[in-house]
Ligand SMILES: NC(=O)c1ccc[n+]([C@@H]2O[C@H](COP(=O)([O-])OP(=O)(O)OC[C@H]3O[C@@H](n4cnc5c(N)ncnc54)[C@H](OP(=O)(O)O)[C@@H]3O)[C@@H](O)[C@H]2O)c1
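As structure tokens, one chain now follows by itself in the form predicted alone.
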Amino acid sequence: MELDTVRLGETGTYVSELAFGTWRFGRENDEGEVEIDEERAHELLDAYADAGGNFVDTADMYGGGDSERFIGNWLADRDREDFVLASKVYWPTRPDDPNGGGLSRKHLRRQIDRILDRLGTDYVDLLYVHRWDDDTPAEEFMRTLDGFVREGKVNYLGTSTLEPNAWKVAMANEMDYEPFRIAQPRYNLVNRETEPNYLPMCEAYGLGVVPWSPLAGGFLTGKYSRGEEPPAGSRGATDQQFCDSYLTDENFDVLEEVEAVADEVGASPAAVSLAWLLDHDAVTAPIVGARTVDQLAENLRATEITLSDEQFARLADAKSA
């Protein structure tokens, strides 16, 4: 299996058709256990790179900075120029410090140097604002981010999880600064809130779309069944908000259509759900995450699936059926 490359939005950079997300690297669960330690993180990164992957997604707050450190240590034995690195900034990183979060110039300037230090690089290819900051004037953070690009610390700017704020992204891109080139919204077969306004805004302003949660937090993997108790240890068994959001009749209608198409093409529901995004004209490169190398291999298999126009339409229409 060898991942193809796609153009990163309308930039001149090319990335793997599936990005690899590292939000679990160094993350502690409710029991205080690290979900993915550095050794397993490196195994996953090795497997992704061996499949031709080059687009690695992280954030300054993942694992309290350990995600970036794990990636930086792994890159030390590789050619950094072979990879496209994306990170994010916004969430508080200094407890009890009123200037320790958000998109103020002070916080951004502090964080960019720490991001680069942990990753062991002079620049990141893509820096997202992880959330919009209504307490900081957009001109302040756009000017600051523009400075990072001019200084060579960042190649491109992106926005993450700003679905209700399409007009704010458009406003920022009308300023005389380096614009946002990439958007990272939540988008999958059951989370379609981006379609009425956000995706059209991305198209109008030429933003590439790199969706997170392409499997709806695991719902689209097929592990859940209508009318049955969620599997022990799953998010559905431990997270009431997840249950309320995902374990609905409407979403099970979608999942059952996914499972039907999966049977037709001889693939897993997860692979079919990812294949739908890969075939989507508005999508650049979905972000996949995995706890194990086997899970990653199953996700990457999506690139080998060819959906017919009829199958693509059935999946797209299942949400409103």
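Source: prediction; values computed, not measured. Residue indices: 1-based, along the sequence shown.
Keep in mind that the form predicted in complex with the ligand is not shown, yet the notes after this line are about it.
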Q.
When the contact criterion is heavy atoms within 4.5 Å, does residue 234 count as touching the ligand in the predicted bound form?
A. yes
Can you tell me whether residue 270 touches the ligand? I mean in the predicted bound form, with a 4.5 angstroms heavy atom cut-off.
yes
Quiz item: If you check in the predicted bound form, is residue 298 within 4.5 Å of the ligand, heavy atoms only?
Solution: yes
Classify residue 21 as contacting or not contacting the ligand in the predicted bound form by the rule of any non-hydrogen atom within 4.5 angstroms, answering yes or no.
yes
Exactly one of 48, 70, 62, 276 comes within 4.5 Å of the ligand in the predicted bound form through a heavy atom, and that residue is 62
Answer key: of 265, 34, 290, 282, within 4.5 Å of the ligand in the predicted bound form (heavy atoms) is 290
Only one of 201-209, 164-172, 219-227, 117-125 sits within 4.5 Å of the ligand in the predicted bound form by heavy atom distance, namely 219-227
> Would you say all of 11, 158 and 178 touch the ligand in the predicted bound form, counting a heavy atom within 4.5 Å as a touch?
Replying inline: no
Across 105-133, the residues having a non-hydrogen atom within 4.5 Å of the ligand in the predicted bound form turn out to be 130, 131
